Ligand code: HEM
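One chain follows as structure tokens, the form predicted alone.
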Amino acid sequence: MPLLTYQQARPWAKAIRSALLSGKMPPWQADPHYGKFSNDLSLAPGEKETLVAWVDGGAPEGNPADAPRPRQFTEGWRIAKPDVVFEMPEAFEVPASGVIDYQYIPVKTNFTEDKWVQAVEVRPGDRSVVHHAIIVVDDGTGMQNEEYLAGYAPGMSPQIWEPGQARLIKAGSTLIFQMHYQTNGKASADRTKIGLVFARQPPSRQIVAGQAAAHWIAIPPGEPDYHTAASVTLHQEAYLVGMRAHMHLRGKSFEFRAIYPSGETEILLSIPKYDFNWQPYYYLATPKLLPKGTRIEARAGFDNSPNNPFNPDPGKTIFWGPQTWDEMMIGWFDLAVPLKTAPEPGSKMKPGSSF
């Protein structure tokens, strides 16, 4: 429901109060004891109390003359107006039922020169059938050099980097849309698109995507507290910019740690109550310098028991798989690397490997 005006919000006053007090809203799962994040959605001290008191007082409108000007939004986007938009060449028809294989849809950029991208947003045509979308850049030199550009998952925010930071898309590259569709009982059609905002100044640091993933997961039937971990070692100095956790319906908790060359360990992000419906990137308010030799470790907990209300089948062993009723464990992260030492796009960072 829209909540842009008093008239729109007033009928939902009691529901707003309930969502605030239960912690359901705003949707922000990060433990406040670890890390400060620039896109933190949680309420500042006193704001929750103000809203609850407003509801308890009858949710009055107040003087409309004192209201701030309505916020202005770029039509259809949460980033600034894109410099270029790429869309799937035609809609993909999603049937009412059945299992759909991953779709890989190439879209040419026709860039005649290298482009530096400072903001990117992926927008599904029909969110009800898009489980996730991942867009990678194929520079034409082979699959091993495909570089992650951006993605969409429920609750994920646009990816926006600070001035001086940008992703590289080489001239002549093709964007590959990896689309995971899931049927919901109603036939639909989707035409996902991606919008790019180019850097307004020459970047000093290249944003490079990494991941620590546990492809070997095997969650026993009925297990309420299964844990696994994966890590990546940095073989050069880099700044950590942001992190994102990805699991499916049995996901319970997630944590990012930095294990420094000295042996010291620091928790970078803790998500004690993972929610599949909200998978944002957590952007550090201040990028964290990670020295050469640092190990980025992702740790995850799963609940495959009948007590998990979202569990499709607690009676079987669950392995890594592409569908929602399977499981995944991926700790995505963005690094900002000085351009003079930035790796070639496509450099692989696999579980237990080096960067």
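Note that residue numbering begins at 1 and tracks the sequence as displayed. Note that the rigid core is defined as the largest set of C-alphas that superpose within 1.5 Å between two forms. Everything quoted here is computed from the prediction, not taken from an experiment.
Quick note: we don't show the form predicted together with this ligand, though the next part is all about it.
Undergrad: I have G76, V85 and V117 flagged as a candidate spot, so tell me whether each of them has a non-hydrogen atom within 4.5 Å of this ligand in the predicted complex.
TA: None of them does, since no heavy atom lies within 4.5 Å of the partner.
Undergrad: Looking at heavy atoms inside 4.5 Å, which stretch does this ligand contact in the predicted complex, given the options 305-313, 38-46, 285-293, 324-332?
TA: Of the options, only 38-46 has residues within 4.5 Å of the partner.
Undergrad: Using 4.5 Å between non-hydrogen atoms, is L4 touching this ligand in the predicted complex?
TA: Judged by the heavy-atom cut-off of 4.5 Å, L4 is well away from this ligand in the predicted complex.
Undergrad: Test of understanding: in the predicted complex, would L51 fall inside 4.5 Å of this ligand by heavy atoms?
TA: Taking the distances in the predicted complex, the answer for L51 is yes, it comes within 4.5 Å of this ligand.
Undergrad: Within a 4.5 Å heavy atom cut-off, is F198 in contact with this ligand in the predicted complex?
TA: Looking in the predicted complex, residue contacts with this ligand do not include F198, since no heavy atom lies within 4.5 Å.
Undergrad: With a cut-off of 4.5 Å between heavy atoms, is Y102 one of the residues that contacts this ligand in the predicted complex?
TA: Output for Y102 is no: heavy atoms all beyond 4.5 Å of this ligand.
Undergrad: Which of these residues, Y239, W278, F111, Y260, gets a heavy atom within 4.5 Å of this ligand in the predicted complex?
TA: The residue from Y239, W278, F111, Y260 that makes the contact is W278.
Undergrad: Considering only 307-326, what residues come within 4.5 Å of this ligand in the predicted complex, judged by heavy atoms?
TA: Read in sequence order, no residue approaches this ligand (within 4.5 Å, in the predicted complex).
Undergrad: Would you say V52 moves between this form and the one not shown, meaning its CA shifts by 2 Å or more once the core is fitted?
TA: Yes, V52 moves 2 Å or more.
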